[in-house]
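Next up: a single chain in structure tokens, the form predicted on its own.
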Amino acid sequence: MAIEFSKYHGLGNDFILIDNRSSSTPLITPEAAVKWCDRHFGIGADGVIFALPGDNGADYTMRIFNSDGSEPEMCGNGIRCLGAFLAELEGLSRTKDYYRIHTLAGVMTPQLMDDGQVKVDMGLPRLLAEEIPTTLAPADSKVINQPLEVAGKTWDVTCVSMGNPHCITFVEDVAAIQLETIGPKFEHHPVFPQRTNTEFIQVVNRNYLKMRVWERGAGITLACGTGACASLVAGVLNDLCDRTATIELPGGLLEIEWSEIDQRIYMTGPAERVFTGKF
């Protein structure tokens, strides 16, 4: 039976979104998601996102299968797309205050803005090694500017969890990084028992960072929302940027704030519908 879907992207990080509100079980399997995400024989996407019924007081629940069939805890660009998709399903204009969405990383609240952007309260960053998780430091310690040998080179890395693991390293020129070769070595490094997303960051100034990313389970993508959030936190922890900055990704710009008032991370960026169909 054909299943209806909508295709969205957030800065080129693209997703297939499925109205799954009638069931708490995803309508397709991880194996099917791999086929759907194939860019030659399927629809083509970095992942499949399901809008399921809410849980524990949330309006909806978000599940996502990556293009390799794995299931991440959260996706920053994906949840912006989900917020826009839900407004479409409800027949609303993009001015609803916010949705409370239950994810494996906790409850997130995307807010639809009048200018078409989506602002998301991403919650508190988690900084202890056991929260990442990583064995780079004792469980109750932070991993800030720690040496890590990858592919015969020592990198200084900072680790942050936004509900999913991130390893951030600051470089002189992000364009010079051979992501396709170095990315998998970071992702599968034994110090990350649940694998990791990896962000390579070039500091242009204290309010502007350039980022390239290797995403756990998806590989090279044009943008990663949780990665941008984690990178700002890493920049602040290393005194390389301010608490509010623009993050330039290959797919476009995100505005990230680490609030001094409530210590929460706020991400603002676009979510665009590409097309709808049945598959």
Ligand SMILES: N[C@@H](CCC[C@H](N)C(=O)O)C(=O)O
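Since this is a predicted model, take the numbers as computed values, not measurements. Residue positions are given as counts along the sequence shown, with the first one as 1.
Another form, the form predicted together with the ligand, is not on view; read the next lines as being about it.
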| item | value |
| --- | --- |
| 109, 256 and 269 each touching the ligand in the model of the complex (heavy atom, 4.5 Å) | no |
| Residue contact check: residue 134 to the ligand in the model of the complex, 4.5 Å heavy atom | no |
| 4.5 Å heavy atom contact, residue 212 and the ligand in the model of the complex | no |
| Exercise: residue 61 in contact with the ligand in the model of the complex, heavy atom 4.5 Å | no |
| Proximity of residue 161 to the ligand in the model of the complex, heavy atoms at 4.5 Å | no |
| Listed range touching the ligand, judged in the model of the complex by heavy atoms within 4.5 Å, from 52-60, 218-226, 232-240, 32-40 | 218-226 |
| Listed residue (177, 74, 191, 87) with a non-hydrogen atom within 4.5 angstroms of the ligand in the model of the complex | 74 |
